[in-house]
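Presented as structure tokens, the chain that follows is alone, the form predicted on its own.
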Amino acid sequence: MGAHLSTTVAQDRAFMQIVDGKPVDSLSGERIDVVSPSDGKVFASIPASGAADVDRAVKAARRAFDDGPWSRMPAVERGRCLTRLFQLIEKHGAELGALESRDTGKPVRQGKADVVATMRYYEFYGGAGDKIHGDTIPFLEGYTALTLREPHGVVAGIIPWNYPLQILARVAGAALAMGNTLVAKPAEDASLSAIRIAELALEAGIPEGVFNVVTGYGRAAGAALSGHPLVDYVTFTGSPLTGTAIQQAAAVNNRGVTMELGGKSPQIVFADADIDAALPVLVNAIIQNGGQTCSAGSRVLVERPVYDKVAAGLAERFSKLVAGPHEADLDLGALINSKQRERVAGMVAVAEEAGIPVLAKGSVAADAPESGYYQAPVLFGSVDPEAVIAQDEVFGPVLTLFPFDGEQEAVALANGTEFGLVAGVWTKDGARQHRVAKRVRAGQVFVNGYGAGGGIELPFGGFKKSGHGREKGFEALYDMSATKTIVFNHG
């Protein structure tokens, strides 16, 4: 695993969680060793919090919301605090990028790109909070009816390990812009950048108790947070199984939730597509972050007349891909921990044993530490649409190819899983672009492209097993607030 209980202080730094504006250890004193995925070695530690620690953080957030200035502060003033946070992230960008890269195992350039996207979230929400308006509603004679958008109160943000900087930013930016207070629980495998951001939030002038970070295992801290009676809204990014447990915990208190629960995203390549333009995008969409991306383009559906050409082009590129340590800045880094590496390798082995053709494999750098958590990229061709590797989210650098005949079969294949997060459509036919984009069940559809460098302004979320609610853009501000109706009887 990438983290395990420890009572010793690790070698680089013993990080503290941030609660009520102060760095604090867990009440038990227990800590979790932080392991670099690149070499499997401990380099820091974090508090191993439990229910009592979560209770302390939630009560701090509750006081800050009920009694502090944040929820009553003019939206423009809250926005200025978030803008100052954006500026501090820019100032400390090199530090944050290096920390993110080491903590998650992703290549250095990806850590830097995550910092750029993170800055943009706080910049966007710094200017967006005062743009959300209520309405006046035509009503009965002698009455005036209007609506307000008000914060929920205390928001719980349960953050995954694949993009901790970015996903914390999209939760915190929207929640804080609307006047909520926040308790964030990052994954135990990747908590360090969240702690650092909370420190910078205080420096930016965000009041004590507004931006809290509690670290620990999901089964202890995460479970306690999602079911805490003083939490008013829960947002989670992760697996459908864990998402179900969190929704059940929140339902005990009848709390609202936003769930982003992964994907099995298709990219549909029609025969008239610009294949040369598509190929590098198809590759990058699965190897970015080692395939550990909810929106990874993990299925490529290819119209039969160009299937061989696309398969050969992808195979050529896959055979040249190399995984290695984060500091080597290769095509991809290590997976997050040994459990994830074993899971991905196991799914690859099952597919190979089932006779699914392997069209190409990348490699692991010869000098990569044997103790690191590496998985070479794998390209499978002519996959049975009902195979496990075609249906289940691998969350690793594994790409599957499927031939199809015609638009109807393409849409059926694209919609043929339980997920519906993102899709790509590659065709020069403008009418087909519109038809297919509308028929594919996905929260985002990209035409002749895929991904948007974070897509801060673009509403993001899924259909079916990929979850519900929307993050990013102005839609997130609506999720992070509630409508209040006020009716005046003035005769």
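Just count from 1 along the sequence shown to find any residue number. Please read these numbers as outputs of a predicted model, since none were measured by experiment.
Unshown form predicted in complex with adenosine-5'-diphosphate; subsequent notes refer to it.
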- None of 391, 363, 239, 71 but one has a heavy atom within 4.5 Å of adenosine-5'-diphosphate in the predicted complex; the exception is 239
- Item | Listed residue (245, 116, 275, 132) with a non-hydrogen atom within 4.5 angstroms of adenosine-5'-diphosphate in the predicted complex | 245
- Check, residue by residue, if 306, 309 and 381 all come within 4.5 Å of adenosine-5'-diphosphate in the predicted complex, counting heavy atoms only. no
- Message: To test your reading of this chain, name the stretch in 219-227, 204-212, 296-304, 278-286 whose heavy atoms come within 4.5 Å of adenosine-5'-diphosphate in the predicted complex.
- Response: 219-227
- Task: Would you please decide whether residue 161 lies within 4.5 angstroms of adenosine-5'-diphosphate in the predicted complex, comparing each non-hydrogen atom pair?
- Result: yes
- Is the gap between residue 375 and adenosine-5'-diphosphate in the predicted complex 4.5 Å or less for some heavy atom pair? no
- Item | Partner proximity in the predicted complex: residue 290 to adenosine-5'-diphosphate, non-hydrogen atom cutoff 4.5 Å | no
- Could you tell me if residue 340 has a non-hydrogen atom within 4.5 Å of adenosine-5'-diphosphate in the predicted complex? yes
- Note on the structure: Taking adenosine-5'-diphosphate in the predicted complex and a 4.5 Å non-hydrogen atom cutoff, the residues of 169-191 making contact are 185, 186, 187, 188
